[in-house]
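In structure tokens, one chain follows: the form predicted on its own.
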């Protein structure tokens, strides 16, 4: 449908959940209260690596209000281990403690206070062992072997080709090679080699992890703030040896996730506790406990790039090492995709990529907005400016020369480039005033990147029900984590059916009600679920027109639908009149079903990307040479969204992502000492506040209606995180001549670099 004929799509309609969220009426898992509900607290390991000798729980069990004190041996489960890549994570620590903060003992009591009080009486004896608390230590000869054996989970098709290295702590080794690397490096006019480091980060969603479980005659019900209710259901069914139909996972509104609530986390433990005490059980973690549940990978990237004198990229060698912590979680997939995207969005004839996912005795690392792209983009886009500087080429011109063009192949078998990144980057540069004069102490930098969007091998199914009164219910399993999915999907339904937006209601995800969806991640909801929703709405629309055609004694193709009515010439029927007319009573409904199933492809990831999600960013900064403080004066973020279903929400998504990227660029980092996390809370761990935001922030939406999603949409939401750090780092280098290769660019690091370069006087 041409954009100028759209009536609901392309409009910034108000979010469906906005009023409830701003008035406090919104209900999250932690607000749920069930009759007779008990509460759980966890005793966590104080050491990073140890063998458990003995656990004494008698004194804790005697505390007032305590219903049960459980170790792993007490859990009523058929299977103890879970994980999306490997079944390597026990529900509670089993024989071995593998990281500081790992849950060892669970206390269930009639109140949180009683459960908390009992923790002080738990006595765990353990034999502490040497720990590997960095990827470098875990890869060193003689390092403790954290998992001697691995059990593949087999849940996901793209993880069927896992390549752990036996006898080491490497749980995934991704390699890719093309072209004649040695010849390219030998013939190059310039070879640049650098090592870049990106720190581990905490997700710090405002709503910490929380789950409530209930067991009754119908089976197991878990309310959880998860991004993947259906994979969680599968894990629970296997752990408790139940049919899928006997397991229900319900997801109310989620108070932020950013990947930290992907796949199974605390749900099996809560379900096991509820099964044990035969009462509903609630486990609500603190923010500090959430920081000890999952993190973003710390990544080291070694880049070696061969370039011609005119700036043509000839070859690149990428070595990527990810610290995935004590349990793999989804780390192997992150490592694969991090390596896959390491070359950046450029035309490079010869490549060699080596990406390793390494077990350590740290908090497990998993998904985080961008799935490894921000880490490698920090490296790649920083080095692009190094190359530009050494060849005396404008950084924008260097990128434009090498960026993949629309239709060009990234890797054989994958989707060709589906946008015009060079034009997008040009717009970004113009918006930041790339060529305008700069004040003293200021600099501008830019960056660009892309990732496979929509996920690979992911399936979505949707149902659209047109009720007898003309209202419409959308049943879709996509989770609302703050991105506006409910609103965007409702707009797709309204536009496709030709009904008012206000008549569409989106049913919250419930595995017993809403049809299957792979999950909410990879910027996939609007595109992949959107296609399923559009198909379901079309199915319902065709049925509705067929019914109307009978009532109007005409052919369905002669009818028009709009604003909730079906017209034929001067005759008009409302949707409600069509349904009641067909059924002969004020009742009945029309149900449409739609799905998205990926095709068969031969790409390196075992499938082709649905679309390429791009991100372009440019920063103007000001540096205080006395303190090293970097102030972002202006930031421009651009995203190719194909067709914005809701322009205001698209812009908000991209702006939020870009501002989240300012954190690791300037101050955000987990600080650990021998595996002990020293800044688990928001007092010592800073996330960006309003005072950290740029004085001027612009967001550019590139709309060519060329995406694979409904009405030409592409996913958005992660691309904004890609470029903040390298754009600011490149601006710092252009302003001062000093380049940092390790994040965050704190005032101390900048000041020390300035002093080392002789840009400030020694104190």
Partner chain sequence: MREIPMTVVVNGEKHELTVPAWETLIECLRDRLGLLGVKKSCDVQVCGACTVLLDDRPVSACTVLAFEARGKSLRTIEGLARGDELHPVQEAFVEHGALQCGFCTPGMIMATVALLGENPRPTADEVKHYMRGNICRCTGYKRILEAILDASRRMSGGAKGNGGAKGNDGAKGNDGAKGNGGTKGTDGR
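Numbering follows the first chain given and starts at 1. The structure presented is a predicted model; accordingly, all values stated were derived computationally and were not measured.
The same protein has a further form, the form predicted together with the partner chain, not shown here; the description that follows concerns it.
Trainee: Just one of 397, 586, 689, 140 has a heavy atom within 4.5 angstroms of the partner chain in the predicted bound form, so which one?
Mentor: Exactly one listed residue reaches within 4.5 Å, namely 689.
Trainee: Heavy atom within 4.5 Å of the partner chain in the predicted bound form: which of 514, 415, 660, 248 fits that? Just give me the one.
Mentor: Residue within 4.5 Å of the partner: 660.
Trainee: Within 4.5 Å of the partner chain in the predicted bound form - does that hold for a heavy atom of every one of 18, 23 and 693?
Mentor: Verified in the predicted bound form; spot residues all in contact, yes.
Trainee: Taking any heavy atom pair closer than or equal to 4.5 Å as contact, tell me whether residue 368 reaches the partner chain in the predicted bound form.
Mentor: Yes, contact at 4.5 Å.
Trainee: Check residue 655 for me: does it contact the partner chain in the predicted bound form (non-hydrogen atoms, 4.5 angstroms)?
Mentor: Contact check for residue 655: yes, within 4.5 Å of the partner chain in the predicted bound form.
Trainee: Using a 4.5 angstroms cut-off on non-hydrogen atoms, would residue 481 count as touching the partner chain in the predicted bound form?
Mentor: Yes, residue 481 sits close enough to the partner chain in the predicted bound form that at least one of its heavy atoms falls within 4.5 Å.
Trainee: Does at least one non-hydrogen atom of residue 703 fall within 4.5 angstroms of the partner chain in the predicted bound form?
Mentor: No - in the predicted bound form, heavy atoms of residue 703 and the partner chain never come within 4.5 Å of each other.
Trainee: Can you tell me which of 372-380, 255-263, 77-85, 506-514 lies within 4.5 Å of the partner chain in the predicted bound form, counting heavy atoms only?
Mentor: Contact-bearing stretch, as computed: 255-263.
Trainee: Are there residues in 27-41 with a heavy atom within 4.5 Å of the partner chain in the predicted bound form, and which are they, in order?
Mentor: Those in contact are 27, 28, 30, 31.
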